[in-house]
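The chain below stands alone and is given as structure tokens, in the form predicted on its own.
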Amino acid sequence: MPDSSHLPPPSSLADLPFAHVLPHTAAISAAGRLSIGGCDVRDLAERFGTPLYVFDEADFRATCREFRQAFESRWPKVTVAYAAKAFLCRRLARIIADEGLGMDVVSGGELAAARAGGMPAANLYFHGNNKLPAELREALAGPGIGRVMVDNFYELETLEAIAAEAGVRQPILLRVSPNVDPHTHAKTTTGVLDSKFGFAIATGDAERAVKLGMEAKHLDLRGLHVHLGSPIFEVEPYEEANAVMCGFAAQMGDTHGFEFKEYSPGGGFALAYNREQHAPPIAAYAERFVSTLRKGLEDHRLPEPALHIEPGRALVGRSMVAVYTVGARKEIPGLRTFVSVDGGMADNIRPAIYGSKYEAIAVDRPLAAPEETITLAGKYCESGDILIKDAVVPRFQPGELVGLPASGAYNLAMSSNYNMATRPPVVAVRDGQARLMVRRETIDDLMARDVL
């Protein structure tokens, strides 16, 4: 286990080795505790209880604007669309609409929440490898959705029939698999040949899909979509995908008269979760992406398509901190010390299934010197319910609060009621004000679907 004894005590949050994963408004309160958005986190915990997810609205809005500026300043027509699968509620959808972003949805539930939150239908993009006919009908119901990203031949045929029933001509993009390895976790790699997603170029399916899409009377094939995976800490996979996709678009133009009007390179932009990780700046992604795309277009004499950029975790991940209350302690001499909290895999399954590593911050004394290395454990009945295996922290006492930064993406989206746990609330903070975005589940909620 790592030796923490050599680490000097920090004198400010900026001195923490993981300062870059904290929300932008993170500070020390007048009481010497962690504050976010001008709100003392201990006060929030006492008001809303724990586990609690604290959402830094200013951080999220700033990142939205950074993505827009980075790409819009480099390309004539760009839509930045938030990938709702990272986290979604109606209040967040309203903020996204306020910031001028579009939104990717992957289910009827996400579609309904986006619309209820005020997202214009024209700015919604429907993804997924097995969209249900009922979901597609709902997507096309007036006003119809902006784009459907068609993933397979079954969907292509089904959507054509549903669009004919509705009497509309639905704009679509085809999801294409370029067989590019993004060098990320195997379970989040999606742009290779051996994937459930998309039409593969290597098998000829992508060409066949282009032909069928162009022939469909009730579908308007606008362009191509690709998504390599997530999180991608390297820029090179995007460059490789651009070259492949430009070559394919040119070939389809020569062979079938396909017009490359729109291009979505997907998302997957990285998020730093811990002290070892450092994601490339958004501007670096944008600059390298745009320069290589422009070269690919020039090499194949293609016009500049409109771009759809689709970040998810990179937009919302840093904006949230999960807050837990410390409970039991178990010491195994010479081996390990377990410190348990009142949450765990029911609200954050990512360490269990992806091996994701987070940092821990002592909310009540964020500048306390590290004293030991512990395993921060959850409260659920699984040995795999571990939030952080080797956390270098002060010696936590029962009742203390511990925060896990960079908890905005996928934690709550993948949460469950395992052990009949009630899922935690989300409170938005900004300029010293706090308001609930999502209330805590209750026992009545858990039993609401039971039929006696």
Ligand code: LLP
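The first residue of the sequence shown is number 1, and the count goes up from there. Given the structure is predicted, the values throughout are model-derived calculations rather than measurements.
Keep in mind the form predicted in complex with the named molecule is missing from the figure; the text below concerns it.
Of the listed positions (Lys131, His227, Arg318, Arg147), a single one reaches within 4.5 angstroms of the named molecule by any non-hydrogen atom in the model of the complex, namely His227. Here is the short version: of Lys379, Arg222, Arg91, Lys85, the single residue with a heavy atom within 4.5 Å of the named molecule in the model of the complex is Lys85.
Screening 303-311, 209-217, 361-369, 279-287 for residues having heavy atoms within 4.5 Å of the named molecule in the model of the complex returns a single hit, 303-311. Taking the partner from elsewhere, every residue among Gly267, Tyr354 and Tyr410 has a non-hydrogen atom within 4.5 angstroms of the named molecule in the model of the complex. Mapping the unseen interface onto this chain, Asp104 counts among the residues with a heavy atom inside 4.5 Å of the named molecule in the model of the complex.
Although the partner is absent here, Arg115 is not a contact residue: none of its heavy atoms lies within 4.5 angstroms of the named molecule in the model of the complex. In the model of the complex, the named molecule sits within 4.5 Å of a heavy atom of Met414. For the stretch 150-179, the set of residues having any non-hydrogen atom within 4.5 angstroms of the named molecule in the model of the complex comprises only Arg175.
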